[in-house]
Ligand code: NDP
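Given next, in structure tokens, is a single chain: the form predicted alone.
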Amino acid sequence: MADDKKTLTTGFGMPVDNDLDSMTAGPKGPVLVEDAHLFEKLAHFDRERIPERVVHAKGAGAHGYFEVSRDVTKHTRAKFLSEVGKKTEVFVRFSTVGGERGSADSERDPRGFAVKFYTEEGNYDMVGNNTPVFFIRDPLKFPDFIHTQKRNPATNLKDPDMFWDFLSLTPESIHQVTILFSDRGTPRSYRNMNGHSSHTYMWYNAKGEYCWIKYHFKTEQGIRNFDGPEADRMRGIDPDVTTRDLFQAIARGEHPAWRVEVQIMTPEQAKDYRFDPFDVTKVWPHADVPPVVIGRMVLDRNPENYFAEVEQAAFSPGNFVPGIGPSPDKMLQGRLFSYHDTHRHRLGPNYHLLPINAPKAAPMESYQRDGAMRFDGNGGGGPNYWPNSFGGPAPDAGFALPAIDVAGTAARHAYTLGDVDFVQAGALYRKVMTDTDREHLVANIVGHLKGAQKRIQLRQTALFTKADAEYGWRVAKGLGLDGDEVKRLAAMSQEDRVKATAA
């Protein structure tokens, strides 16, 4: 019907008479500056690309829900976890970590696994990966680590020397490296991989009693990975394979689901645990801390607009709700600042007002005002300071985190390097992997590490040897290295090993 016809307008609502022909001085031009519609259109086009994420640049996302299946109220006061059967709306973004937005989905890379819970107490973000550990445990190393995963500043090419030089000088990375170069480093789809918080978090109940927890999202679709050659071929066949798979599966009505588990450790257990429970390069073995199922997550709705809902989605491990808080994990402590800060740079100081990031079931009551793209009422005429006596929102001490003991000297404390960093990587190689897994792992490492200088190959292979003698021997053989020299390096301290393989 004619009444339903929509009229094209400018961004400010002025009707547009013609969207095909610029205003010109005569049929041949030149173009007139007075064509406000033309210049609005061009200026907006020039700014359509917001800064790319430094990490997790390429991703896919979907909407869904989380449903509680276990009573955990003795551990946490979080309302979205307060009763069995309770459902909370979620938005999930999956991503590759190191590559640019145009990189292939099948690249060997950790996968981001970020979940935004729209709870009645505000938004809670669980920002994790498809691996339960990470490469480093101190945030001071993070910018350097990411630089080595990007491009050489001179050649603008990916550089095996940069990649392996840093890792071979960072022994704590051995566990994550072993996972990354297994077939778990190349998932077939986002639906067919697990997610993990990796970090340790605090849960606390209404009495202020607390415990430490780790999250695990276990896929109900089963684990499916590419092996190395399959992943290489897929980069040329369909570089968007996992993005396409997620969208099309949901469109078909095949809604992916994950079983949500937590490991729970008491403060008393944490004090005497055999590993530092807050070291993100370590897992809590399930034999020590058995996971318990607390719920189920289902993704059942695709985004209507990728930019608005996926590209502008912003997650932060600092977005907590009452009942959940941080742990002393050093990497987590750094991320609590860095994630919010990078979103402020990429999307602006008011990114929390964007519909995908704004709380859906809780009001926003703060004294933050002004700034670019403040598109709500900006607090109206209410006070913009605290304390005030004009009825502004007030803090409530009842929501304070439980107090934990913190003591020690203010200094740059280094972790004590020792064989403990190699224990879990060795156990993964010997006890968890199958013969086929080990074969693929070694082939993937050799295929990548062969591009690095020999001295770096020797240093890295010595680390594999410290995790497991056979592991190191097989990599050394694949690279054509002298096995005795590798063993000699493996027996050295890290400091001596670095000196022995200096440029």
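Note that residue numbering follows the sequence shown and begins at 1. Because the structure is predicted, anything quoted here is derived from the model rather than measured.
There is another form of this protein, the form predicted in complex with the named molecule, and it is not shown here; the text below is about that form.
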Only one of R77, R335, R184, R188 comes within 4.5 Å of the named molecule in the model of the complex by heavy atoms, so just point that one out. R184
R244, K141, K150, K218: which sits within 4.5 Å of the named molecule in the model of the complex by any heavy atom? K218
Thinking of K86, K116 and A361 as the candidate spot, does the named molecule come within 4.5 Å of a heavy atom on all of them in the model of the complex? no
Have a look at 176-184, 352-360, 321-329, 409-417 and name the one stretch with heavy atoms inside 4.5 Å of the named molecule in the model of the complex. 176-184
Within a 4.5 Å heavy atom cut-off, is L428 in contact with the named molecule in the model of the complex? yes
Going by a heavy atom distance of 4.5 Å, is W212 a contact of the named molecule in the model of the complex? no
Would Q424 show up as a contact with the named molecule in the model of the complex if we use heavy atoms at 4.5 Å? yes
Can you tell me if P303 lies within 4.5 angstroms of the named molecule in the model of the complex, counting non-hydrogen atoms only? no
Would you give me the residues of 104-134 that have any heavy atom within 4.5 Å of the named molecule in the model of the complex, in order from first to last? P132
